[in-house]
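Okay, here we've got a single chain as C-alpha cells, the form predicted alone, with questions on binding and movement later.
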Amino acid sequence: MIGDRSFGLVCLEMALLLLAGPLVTGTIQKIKARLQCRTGADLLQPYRDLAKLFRKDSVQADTASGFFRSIPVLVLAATVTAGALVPVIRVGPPALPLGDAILLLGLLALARFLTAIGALDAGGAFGGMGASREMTIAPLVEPVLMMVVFSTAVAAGTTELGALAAHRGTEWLLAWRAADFLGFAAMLMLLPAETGRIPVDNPDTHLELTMLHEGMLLEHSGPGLGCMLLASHTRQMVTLALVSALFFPAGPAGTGAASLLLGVGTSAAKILVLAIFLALVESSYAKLRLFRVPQYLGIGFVCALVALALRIL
C-alpha cells in the first residue's frame, strides 16, 4: 500500500515541475531539429532566453491599466500552484489536503483567463486576436480534460490526483480497460492543444495568421514576458505530469534517498516519452486551419465522452 506524500515532497515536486519546464521545451525543440535534419539550439537555450528577459526592462503600452503588470505574476502563480496538485515523484495522496483534480482544472483555466485579460487590457490588435482565438479553443479543450479526469475518478471513487494514481496499484499495466484506452487517446489528442503546439498552434511563429498563444504575449516584455514564458513551460510540464499520473502511475513506495532518486528517474522517463511524442507530432503534421481545429478536438471529445460513459454504465 502506497502511503501519503509529505508536504516537503509535494513542494519538491512543484519545484521540479517549475525548474524542469524549460528543459523539456528545449528537449522537444532539439528532437524536432534532429528530425528535420537540423542541428538546432542546445537543451539549455530556454534557460538563457529566460535569463535574458529577466535582465531587461519592461515596456508597457500607454493604454494598459495598472493591473497589466501584475498579470504575469498571477499567471505564473496559478500555474505553479496547479503543479503542486500533481503527483510526480511518488504516487499517493498528500499528507495535507492541498486540493484535487477539480481545483487543478480551475487553476489552469484561471491562468488562461488571466492571459487573455492581459492581451485585451493592452488594447493591441494582435493581442485581442490571440485572446479571441484562445477563448474559442478553450471551451473545446477543457471539457475533454474534465471528462478524462472524471472517467478515472469514477473508477477510483475520488478526484484527488494522488489517490487516483495510487488506485491502480502496482499492477496498473495489466489493469487497462477500454475506457482507459479511450481516455488516453483523448489525452493524446488534447496534448498539442493544451501545450500550444502543432497541429492546433505553432509556438515557433509570430505570424498573425497562425499564432494563438503567442499573440497574447506580444504586449509583454522584460520580466513580465519571462514570467509568461516560464508559466507556459510549467503548464506544459503540469499537463505531461497529469497524463503520467492518470495512465502511467509508476512510482516507488519507499521514503529513502534511493526511492526518491528512483521516483525522479521514473518521472523523467515518462516525461521524455511524452516529449518525444509531441516532437514527432509537430514534425509529422502541418498546422490546421483555425476552423478545422474544432473538428480535430471533436475526436478527442468523443473519445473522452465514450470513456466516461463506459465507466458509468
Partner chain sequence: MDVQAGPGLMAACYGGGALSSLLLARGSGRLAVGVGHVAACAGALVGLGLSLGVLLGEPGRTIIQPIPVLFPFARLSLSIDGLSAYFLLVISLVAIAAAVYGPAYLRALSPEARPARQAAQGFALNLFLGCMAFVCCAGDALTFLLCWEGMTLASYVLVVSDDRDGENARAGLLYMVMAHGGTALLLVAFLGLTERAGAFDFGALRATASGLDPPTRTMVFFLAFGGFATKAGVIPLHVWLPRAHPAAPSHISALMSGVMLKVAIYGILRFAFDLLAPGAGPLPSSWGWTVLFVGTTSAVLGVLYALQQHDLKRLLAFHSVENIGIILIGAGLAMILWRQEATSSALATVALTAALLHTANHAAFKGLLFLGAGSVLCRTHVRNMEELGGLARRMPSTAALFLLGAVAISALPPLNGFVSEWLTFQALLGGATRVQGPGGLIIVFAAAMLALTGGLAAACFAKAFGVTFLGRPRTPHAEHATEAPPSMIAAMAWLAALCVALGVAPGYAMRLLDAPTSALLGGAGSSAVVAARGPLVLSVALTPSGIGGTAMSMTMIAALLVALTAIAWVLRRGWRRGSRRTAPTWTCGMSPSARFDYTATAFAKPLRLVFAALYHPRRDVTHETSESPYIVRRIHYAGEIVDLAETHIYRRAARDISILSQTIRARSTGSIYGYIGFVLGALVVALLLVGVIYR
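Numbering follows the first chain given and starts at 1. Being a predicted model, the structure only gives us computed values, none of them experimental.
If you look for the form predicted in complex with its partner chain, you will not find it shown, but the lines that follow are about it.
Of the listed positions (L212, L229, A153, A193), a single one reaches within 4.5 angstroms of its partner chain by any non-hydrogen atom in the predicted bound form, namely A153. For the candidate set L217, A84, M187, A179, a heavy atom within 4.5 Å of its partner chain in the predicted bound form is found for exactly one residue, namely A84. The closest heavy atom approach of V281 to its partner chain in the predicted bound form falls outside 4.5 Å. Using a 4.5 angstroms threshold between heavy atoms, S132 counts as touching its partner chain in the predicted bound form. Its partner chain in the predicted bound form is approached by F301, whose closest heavy atom lies within 4.5 angstroms of it. Its partner chain is not drawn, but in the predicted bound form it has no heavy atom within 4.5 Å of P203.
None of 179-187, 193-201, 239-247, 98-106 except one has non-hydrogen atoms within 4.5 angstroms of its partner chain in the predicted bound form; the exception is 98-106.
Along 20-46, not one residue places a heavy atom within 4.5 Å of its partner chain in the predicted bound form.
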